[in-house]
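Let's start with one chain on its own, the form predicted alone, as C-alpha cells.
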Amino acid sequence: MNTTKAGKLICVGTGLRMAGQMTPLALSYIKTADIVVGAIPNNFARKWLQEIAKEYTCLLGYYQDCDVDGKDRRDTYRRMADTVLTEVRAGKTVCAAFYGHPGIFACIAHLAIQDARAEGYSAEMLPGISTEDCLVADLGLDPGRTGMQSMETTQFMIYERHIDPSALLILWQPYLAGELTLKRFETSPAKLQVLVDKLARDYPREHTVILYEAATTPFEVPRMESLKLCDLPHAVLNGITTLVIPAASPLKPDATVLAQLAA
C-alpha cells in the first residue's frame, strides 16, 4: 500500500550561468510544479523563473536575518527550509530551485528533503552544474591527473586534516575563513594569515594559488587570478570566490605496493 502523502518536493539546480546550464528535466519541473521556491541571486535568472513558474516565492529576503546582531545563520537556513516544507505540507508539488547544484553548499535543500521524507512525502534532488564543474572547465584542470581534495575552508582550518600536496586542493568559501560565530559573512586578513600559516605546513609560501569565480551571465568572464600563497591575506575575496591550490610536488611511487603488484 502506498503511504506517500500528496505533497511532493523536487530540488533542482539552475547551473551557474543558467542559459544552457539547466537540464531539461529541471526546467520541466520548474514549469509544471504548483509553486517554485527559489534562492537565485542573479536578477535576470530570478525574473526568468518568475515568468515561467506558475507561482514563485523568493527566499533571498530571509538573508536579512543575518543582519540582525547575534543571529545565527543556521536559524535562517532552517527558516528557509521550513518555508519549502509549508508548501509541501499543503499538498503541492513544490520545486525548490537553487543556483549551481542544489546539494553543494546548499544545506537548505538537504534539510527540506530530509524533513519531507521523514514526514512521508516524496522528495528528490536533481543535479545541476556546480562551481566545481565550471572550475574544471575554465582552469583546464583534470581531477583524475593528480587526484583532488575538496573541503570548506574553515573546516580545513579548525580540524586536523592531512593534506596531500601532490594532489589538487580546492578550498570553498575562503571569504568565511575562520568565521566561527556563524553570524557574519566575512573574514579578516588576520584570519587569512592563520589559513596561510596552516597551508604552509604542506606548501611553500611562494606557491602559486588561484582565486576562481565562475561567470554567472553570458556577459561575464570567470575570475582566474593567480597569486602567491603568502599574498592571500591581502587579496579581494567575494562570496563566490573559491581558492584553488595546484599540486606542489610530484606523485611519489609506493615501492612496496608496486613490488606486491609485480609479484
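Nothing here was measured: the structure is a model prediction, and the numbers come from that model. Note that residue numbering begins at 1 and tracks the sequence as displayed.
There is another form of the same protein, the form predicted in complex with a small molecule; it is not shown, and what comes next is about it.
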property: Contact segment among 189-197, 141-149, 104-112, 88-96, judged by heavy atoms lying within 4.5 Å of the small molecule in the model of the complex; result: 104-112
property: M22, heavy atom within 4.5 angstroms of the small molecule in the model of the complex; result: no
property: F156 within 4.5 Å of the small molecule in the model of the complex, heavy atoms; result: no
property: The small molecule contact at I240 in the model of the complex, heavy atom, 4.5 Å; result: yes
property: Contact label in the model of the complex: A33 to the small molecule, heavy atom within 4.5 Å; result: no
property: The small molecule: the contacting residue among Y62, Y203, Y212, Y29 in the model of the complex [heavy atom, 4.5 Å]; result: Y212
